[in-house]
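What follows is a single chain, given as structure tokens, in the form predicted on its own.
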């Protein structure tokens, strides 16, 4: 288990500066999700990207942080075979009890930003058919229940970090959130895609998927550049606050983060060039994000050569993962959120067990990472699906057929994002 030391004044000031840059990741995700959707839903996607971090922050401050807490804080302990296991934090609601200027106060603010970024991920899978009210309701459930429970197990001194008592390295390592932020968000995206079903016209009568291209690849590519800034800040802040890395080691975090993103994007570009004859811009952009996601878990603990390998695997894996969900499983994921964040996030956790160099970790580190992956698939996925299923029974989350045909902008907002241009309405509505 990693116990971060108290920060010096210089490290504290650096942390504040890094936290101020983390929202650039949210800007990047907003642009990517909007660009990969249809033009008649662009304003809706951007408004949802503004609402989600707000709802997430409020629900996390009121409820979520009380369940997540910080390492060493009060918690519910379950005794099993004579060993204590930390399951859930016991903290006051509304951030009460936090001492301004303490490590805990910085972690609480960082987590408030992280939960907003994680909650943005499902927007990509629900594009063009997810009601704004349902988005806010789903975000509340994710930020108040799903995210803080798993985040406590990983970052709040919970049982996944206590695996170190059984020779499993230092417990689960997730420096920048490959699992806690991205895999959790990606699995929620999978739940949303399952519940909403595919967009009208996505699948023909024989079950073959139809290509529905995003309306603005420029937005997607610009979003990647903003996301890089946010990830550099997020991974660096995570290394300082959660992994006990000194500020002098942050250069390695920055180098690894950029190398993984660049390598992953190039790997996706090369893979699509070989498979389709031409490189695919939107897939290559998603490859860039997949590399950022994959390296986040181990960004402070691997050498640059390993970061390149981690990014390359993520980039080559991405197009095949998207094909599996779209062709084999019939899941319509316009933004590629499930593959980019879910699959790449799980790979990042596994890669941390393979390549991370940690003092005292030992050979059991990989097993700890595998247990973390199993927890995401065996607990977080059923939990987040169940919560959204219950919400869907009370408040149907999918827009009506007429609303989808009309476009989310006109149907829910009453105005188009591009009123001066002709908006396509039914070219894909084959059924």
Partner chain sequence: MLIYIHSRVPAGPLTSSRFVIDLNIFAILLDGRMKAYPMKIAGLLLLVSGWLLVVATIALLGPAPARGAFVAAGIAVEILGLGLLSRSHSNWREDQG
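Nothing here was measured: the structure is a model prediction, and the numbers come from that model. Residue numbers count along the first chain shown, from 1.
Keep in mind that the form predicted in complex with the partner chain is not shown, yet the notes after this line are about it.
In the predicted complex, the partner chain sits beyond 4.5 Å of every heavy atom of residue 355. At a distance threshold of 4.5 angstroms between non-hydrogen atoms, residue 67 is out of contact with the partner chain in the predicted complex. In the predicted complex, the partner chain lies farther than 4.5 Å from every heavy atom of residue 320. When the partner chain is considered in the predicted complex, residue 81 lines it closely, a heavy atom lying within 4.5 Å. Site annotation in the predicted complex: the residue of 104, 112, 163, 259 reaching within 4.5 Å of the partner chain with a heavy atom is 163. Contact with the partner chain in the predicted complex, defined as a heavy atom within 4.5 Å, holds for exactly one of 95, 140, 85, 226, namely 85.
Proximity of 198, 381 and 385 to the partner chain in the predicted complex is complete: all three residues have a non-hydrogen atom within 4.5 angstroms. For the partner chain in the predicted complex, the listed stretch (165-173, 289-297, 260-268, 226-234) containing residues with heavy atoms inside 4.5 Å is 165-173. Along 135-165, residues 153, 159, 163 each place a heavy atom within 4.5 Å of the partner chain in the predicted complex.
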